[in-house]
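Subsequent text provides structure tokens for two forms of one protein chain, presented individually as structure 1 and structure 2.
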Structure 1
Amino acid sequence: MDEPPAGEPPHRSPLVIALLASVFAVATCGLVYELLASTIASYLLGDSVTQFSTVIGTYLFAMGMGSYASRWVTKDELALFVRVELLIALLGGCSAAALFIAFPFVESFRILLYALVFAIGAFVGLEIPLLMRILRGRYSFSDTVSNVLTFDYVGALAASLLFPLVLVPMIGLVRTGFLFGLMNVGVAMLLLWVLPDRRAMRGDKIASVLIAALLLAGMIYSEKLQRWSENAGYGENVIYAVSTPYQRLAITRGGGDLRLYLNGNLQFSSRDEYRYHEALVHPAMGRVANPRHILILGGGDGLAAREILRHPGVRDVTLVDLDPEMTRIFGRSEMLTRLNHGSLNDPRVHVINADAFGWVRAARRQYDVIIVDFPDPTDFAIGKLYTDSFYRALAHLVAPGGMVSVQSTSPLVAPGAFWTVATTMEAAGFTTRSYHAYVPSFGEWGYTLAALGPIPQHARIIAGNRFVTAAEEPNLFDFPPDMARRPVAVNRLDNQILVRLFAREWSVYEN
């Protein structure tokens, strides 16, 4: 079965050409499955460094086990390779959809995640040794190794470039899995087609057609599959969802309540978001004599901007948010612009889509009030925005007499993480005053007020607030003993203790 047709140079036979093309394809598919599992794990479980490290480590270990197991394959290498391709197509192609669907229902999700990663990795580990054995009679040993490794590394490069630049932003995670599963099936079909005895392996041919049909159907209905899993997970109707290069963004509606989720984490509920945003904005705005120039970091939903624009003296608002899809949907959707009062379309608001860490370091203008509304520090990419390095850069943007307000997670659930923000800002040269507010969707939530000088004791709170009134505002600064300040370390760029502390404290609460 493995020999080329008589009279044809071995290295030019259709089978050999197909095998070399397969090396490129399987390398690309294998790395894409690895990146898919790592990305989905970071979306669903947080802490991207931990998820990428553990998933990649498990995957590489499994590849080693698969390569080791190949020593017991002594015959029919080509037939086994085709079957391995079909198994990888089925497991890898369905992996993204399976993980998203299982997450709301499987309590031991990590066991499922690593079992799936191990299975895919073990089969991928079988591929290259089998290919090298199949090619050994058609090239010299040195040429075989050179050709296989060359195509393998080029395929890995293609996958590493395609994944962040094309696949995630344009195709999405679930559809990408099905697409590359089809590529694995295509490799198997190609080899089945060029086999010298095409009557052989009829069962494999039928299996390849059935798997291809399954993956094609999954690709066509991938968005519905993900919506279904999100509806089940959130317990609400998902009315909008999209995977961007930065996050999974989902908006749900139920009983008149709109909710925004980023990577599965609740960002606001329309029923009580006014409590969160009034507390975030007005204590800082009310402590500046004439706040005219405002900077918002994060806050792409426009809700903090809505509160800021209620102050009559505001001349301009610069809003820096990483994800253009976030600011786009909250600037165009009628139901969302009703919620933020069209703040992102106000001529005084200038939206910049950029990484706040780099933008702040490059900015030169100063602002009277800076509102920092980043997601919680669930991973190191976000955690860098809570470091002393970031706060030192931020200090250069604070105008004389200016104020900064930072959302700082829950002082009840994660008191260590909460007080780390104040400690880190103080290490960067700020004076701080911490406060908290009860938001039903989140529970007790905390904020850090900061300035480069003394912080005024009292604020001038504008009329019309539903929660933070002039009478209520002083009470926000009182902490009961279970939320009182405690000694914590500074969150630095090279240690990111805040991310680990946040994960540990929230895991205790969630379990």
Structure 2
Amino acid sequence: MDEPPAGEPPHRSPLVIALLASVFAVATCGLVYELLASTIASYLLGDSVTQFSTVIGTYLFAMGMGSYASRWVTKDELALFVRVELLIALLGGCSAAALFIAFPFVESFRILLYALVFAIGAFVGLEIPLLMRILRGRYSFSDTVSNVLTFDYVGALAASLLFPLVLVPMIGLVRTGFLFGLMNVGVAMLLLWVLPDRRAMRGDKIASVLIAALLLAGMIYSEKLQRWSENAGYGENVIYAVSTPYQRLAITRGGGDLRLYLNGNLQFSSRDEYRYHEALVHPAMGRVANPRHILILGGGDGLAAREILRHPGVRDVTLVDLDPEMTRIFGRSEMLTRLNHGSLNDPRVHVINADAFGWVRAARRQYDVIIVDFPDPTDFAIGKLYTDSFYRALAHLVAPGGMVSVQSTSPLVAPGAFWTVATTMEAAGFTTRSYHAYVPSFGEWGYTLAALGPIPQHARIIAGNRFVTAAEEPNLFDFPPDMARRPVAVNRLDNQILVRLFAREWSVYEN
């Protein structure tokens, strides 16, 4: 294409209009992909400042590389532009889905993330100079630059407004990706079909139709894709997620509700966790004359510790949780310390990161109250924390007159599993009294109170509770027939009947 003579009016051919529309589309799509990658990275890896700055930095750098590479394009700019557009459609359109789905499987998620961002950025960076060169035959140099950059920046504004206001809340991240991929394909198809020489690009037309079909399918099945991906399964309001050596930890927020998931299982919802934790802590605390030395096993979220610290006589709280990441974020994050009242940073609280099974067997001190707040027995490694061997070791740590409280899963959904806890503790020499509370986000939930002697009938419940009050507490011990005690076997290390029973009862419930 030759430089047009000065002063000649620009061509208003359909091709030119299509090209200018494509500048707008490319700019919008490019920025949307960049925002998608940043947002997903902050959801999955946490620390949004770092994620946004590194993703944007990578993206801009890649654009520069792409622009630089454009100097080696010497012919067929238009054909190459269409092909690059198709590649961007494919990569960018699938990027959100790919990142969500790949996260649980790949070891180096960051490499995948930055590689994807780099590839998209480089292709987008290659497109703008190409477009300028294609248009330079139709406009003067200054008009070309002005037109291209105007559409480019206006496109960016459109993307940055649409993304938070419309796309994320109404369409969702995964579907947004597919939608903008389709927009890229649309631009490519538009160009393909208005191109002067049609025969030359038959292969590209077929590719464009295939890519469009793929993206459309992705768009339609994005719900299924999301269910397929563990992370997206929480809904798209994951605000923090991390894979520690021990578990997948995710914190979500929706409205005013903050939720913690471990390996996809809900641990608490900030709306009603007070019900769960008041019921876990105060019946045991209220049955010990002067609870001074407290042990919490599990409970790395610091919420049981928060309830314990409301008792003014408490001198020290030892909290043993397996996962350092868990106690770290619940001690540091402002949003989470607001919830647990900074309990993990209280000078009376001593946090130990260890496997409770080994720790309890090695421990020598005794405690007035022991709160056992482990995840449900979904795995043999957790199941051993519910065995007679574990409770026998635990019995050595109970001070005279001391009390133990154990979270014991749902007596309504899994009555067999629930009563196995009491039966097993009794086999280990404890007397038990079981009780339950209604926690809306969990349903009907059960606890086992245990002591080495008789368990007092009445508890002194501290003032200020929202759920477990002195008047209401006795009612927690009533079990209607559908949750009534039934004969079950003792859970031992070599039979682990609890894990099997739990899985069976919950699977019936969930089907």
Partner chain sequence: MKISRRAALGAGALGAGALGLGAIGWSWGGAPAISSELGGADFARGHRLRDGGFPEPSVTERRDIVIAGGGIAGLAAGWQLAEAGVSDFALLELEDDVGGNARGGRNAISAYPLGAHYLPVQNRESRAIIHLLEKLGMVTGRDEAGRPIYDPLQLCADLDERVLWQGKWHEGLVPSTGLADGDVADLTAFNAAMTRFQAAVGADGRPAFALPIAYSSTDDAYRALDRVDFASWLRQQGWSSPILWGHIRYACRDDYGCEPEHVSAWAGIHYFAGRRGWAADGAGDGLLTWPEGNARLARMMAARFADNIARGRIVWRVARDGTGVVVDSFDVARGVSVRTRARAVILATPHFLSVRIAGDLVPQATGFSYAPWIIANVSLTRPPAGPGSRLAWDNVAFVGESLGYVVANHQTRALGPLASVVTWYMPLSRMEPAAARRLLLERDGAAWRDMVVADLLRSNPDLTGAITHVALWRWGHAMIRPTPGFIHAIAPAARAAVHAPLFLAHSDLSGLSLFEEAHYRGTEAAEAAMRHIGHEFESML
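So that the term is clear: the rigid core is the largest set of C-alpha atoms that superpose within 1.5 Å between two forms. As the structure is a computational prediction, the values presented were derived from the model and not from experiment. Numbers given to residues start at 1 and step along the sequence of structure 1.
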field: Of structures 1 and 2, the one that is the form predicted together with the partner chain
entry: 2
message: Following rigid core alignment, is the displacement of the Glu77 C-alpha between structure 1 and structure 2 equal to or greater than 2 angstroms?
response: yes
query: After a core superposition, would you say Val187 shifts its C-alpha by at least 2 Å between structure 1 and structure 2?
result: yes
message: Tell me whether Phe118 is among the residues that move between structure 1 and structure 2 (Cα shift of 2 angstroms or more, core superposed).
response: yes
query: Ala212: how big is its Cα shift between structure 1 and structure 2, in Å, with the core superposed?
result: 22.8
